[in-house]
Structure formats: structure tokens, C-alpha cells
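Shown next as C-alpha cells: one chain only, the form predicted on its own.
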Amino acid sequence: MDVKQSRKYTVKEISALAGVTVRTLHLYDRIGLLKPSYRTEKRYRLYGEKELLRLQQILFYKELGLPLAEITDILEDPDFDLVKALEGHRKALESRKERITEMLATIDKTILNLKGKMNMTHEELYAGLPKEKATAWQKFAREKWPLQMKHSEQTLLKMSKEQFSKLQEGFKANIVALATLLHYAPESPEVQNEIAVHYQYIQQFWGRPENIGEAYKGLGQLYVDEPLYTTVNGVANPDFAVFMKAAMDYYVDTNL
């Protein structure tokens, strides 16, 4: 028998191999997303090669922004094909690679702009970000708070390479984190903690306009009206837009 096939891994070993926490693996077990192949007499979880491959798929789909409930449905589909799934992941990652390359070029232009070696337009400032989303946010904010939006863009243009990159990556990570909480209630502490982070990022993009609570709720409504603006890593999910609006409304009503 192939040793690779017969090897069993503990939770800690899987955690180290895949870079996920033990707590996350326990959660996946509890919700039925990733069950161990065997439990010892002392109830220790053990995983085999099949579970390793399933975890790989889970992590790929999470990276693409799918909520856990949807990932479960996909993997439990009798017609699920691992090879086709991997081919799909490759296409998605190739698309992301192109966007990252454009974002890197944008960062380089920003550095030259800050050093006075070139003049960078506001349109170039958002290159590499989802174009429709950036355009919608700019239009929405400029119409309601032109002075604050001007101040916000000037602030972004003054950022260093590290600051600008950190802002972009932090906001992206926050959206992905919120997408993984789609199965939680919008008013739950887990969701509200991430929404508070989202609110802080929005303030960095907008400045702080008057009636910020109303403005933040307005952004939530924009998400619902145009679900494309809550696309996570190229995957549109209207349910996520509704979830975001409910969570944002609750945050405003209880904190602002």
C-alpha cells in the first residue's frame, strides 16, 4: 500500500501543513465541511490524503471569496470534478495575476508621482482596482461630498508605497474576511468587529463627510443595488451584498 495514502495526520500537523489554525479545522469539522477520516479512542481527529485534497479545495474557494456554506454545496455536489475545479482555479488565479501586475505598475507610478518625476491622474490612482467599483465609489462620494472626496484623494496621493499598498491589501483582506462570515448573523459580534474595520477603511477613502452614518448606509444600499461592487476576487454574490447592507445598517444604528 502507498505510504502516502495510508499516512494519517493530526489536527496540529494539518494546521502546520496548510497554514490554517486548529480552531478553523475544528469549525470545519463542526459544520461538516471537512470531517476527519478517523477518530482515535481518545477522540483525536486524524486526516488522510482525501481530506488533504478536500482542504486544498476549501482554501482555493475561500481565496476566491466564496462563503463556507456555498463551498460545502460545491464539494458535496455528486457531479463535482476535482480536475475541472483545479482548472477553474487556475483561470481565476491567472486573471488575478494580471490585475496584480497592473496594481504593481500603479504603485510604481504613485512613487514617481510622489517624487515629482511624473504627474499622476486620479484615474491612474485607482488602476488595477476593480474599475466599475472604483468608478461607482468615486461618483457616489463626489456627488454627495465633493470637498471631502477631494481631500481624500489628495491624502491617498501623498501616501508612501508601503502605506498605499497596506491600505489596498488591508481593505481587500477585510472584504474577504467578511465574505467568510456570510453564514453569521449580520448583528453578531464576529461580523460587527469586521464591519467596524470596514467602516474605518471607508473613512480613509472618503475622509469624514457630514452625516457619516447616513453616508455609510447609502454605501450599503449601493452594494445591494449593484452587487458587482461587493465582488470578492472576481466572484459576484448578491447575497453578500444584502448581508453587507444589513451589517452596515446595524453598525450605524448601534455605534454612530
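Residue indices: 1-based, along the sequence shown. Nothing here was measured: the structure is a model prediction, and the numbers come from that model.
Unshown form predicted in complex with the DNA; subsequent notes refer to it.
- Comment: the DNA is not present in this chain, but in the predicted bound form one of Val191, Leu219, Leu55, Leu68 has a heavy atom within 4.5 Å of it, namely Leu68.
- Across the options 196-204, 183-191, 211-219, 24-32, residues that bring heavy atoms within 4.5 Å of the DNA in the predicted bound form belong to 24-32.
- Proximity of Lys50 to the DNA in the predicted bound form falls outside the 4.5 Å heavy atom cutoff.
- Contact check for Ala241: no non-hydrogen atom falls within 4.5 Å of the DNA in the predicted bound form.
- In the predicted bound form, none of the heavy atoms of Ala247 sits within 4.5 Å of a heavy atom of the DNA.
- Annotation for 40-64: interface residues with the DNA in the predicted bound form are Lys42, Arg43, Tyr44, Arg45, Lys62 [heavy atom within 4.5 Å].
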